[in-house]
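Here we start with a single chain on its own, the form predicted alone, put down as structure tokens.
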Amino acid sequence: MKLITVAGPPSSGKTSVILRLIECMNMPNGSIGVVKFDCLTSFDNLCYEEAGIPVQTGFSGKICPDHYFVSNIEDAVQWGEQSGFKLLITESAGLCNRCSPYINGILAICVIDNLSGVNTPRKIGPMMKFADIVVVTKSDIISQAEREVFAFNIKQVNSMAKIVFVNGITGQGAFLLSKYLQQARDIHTLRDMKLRFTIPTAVCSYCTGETKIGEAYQMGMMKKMEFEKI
């Protein structure tokens, strides 16, 4: 089974890209599955179910989404294996820009939309920097000059990534993206494999439900600002 990880900021068009991608791959029904990782809620499962694509959705809730992803990705792979999929796609939404749910040896795609701001590629950290492919959506309603500047800023962050422009509505560009997916490797487990980047430190009192403000309630890994006197 091939595994592909797709990540990106909320509402960047990840689900639409995946649906158009699956259409282009022309694989038998039931041979592709999707696991959706989200924070609080999601309705993307309805889109997958309508398309006849088996989907599982997990919500991190008050747990760091990246930790939640890493804790469950091996179980997701085993679900895909037991279901007999030829391809499993994981979609990670709601992750902060510090997150990077990419694994060494596993094809990684970052989806970002052209309307998010011309400097957004420079604001996204490991999720952009360590992707193999950067898919840019919503490019049909901006100028060619804006597209080129956006692509330039992506290259400033990740010069090695392939950049593919995909229209999530018409599917334009999805066929080219499907060709790149042929390089995805076959796996049966992720055991002993490594993440491409460390996940955020997230063991503090606020991670575990504390709501009161003040040093007396701050325990675990904390990072304090330094304020200069005026």
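Keep in mind that what you see is a predicted model, and the values were worked out from it rather than measured. The first residue of the shown sequence is 1; numbering continues from there.
There is another form of the same protein, the form predicted together with a small molecule; it is not shown, and what comes next is about it.
Legend entry - Check all three, K36, E91 and N167, heavy atom within 4.5 Å of the small molecule in the predicted complex: Each of the three qualifies.
Inset, instruction - Sort through 102-110, 152-160, 125-133, 138-146 and report the only stretch with a non-hydrogen atom within 4.5 Å of the small molecule in the predicted complex. - result: Residues of 138-146 come within 4.5 Å of the partner.
Inset, instruction - Give a yes or no for S11: in the predicted complex, does one of its heavy atoms lie within 4.5 Å of a heavy atom belonging to the small molecule? - result: It does: once the small molecule is placed as it appears in the predicted complex, S11 has a heavy atom within 4.5 Å of it.
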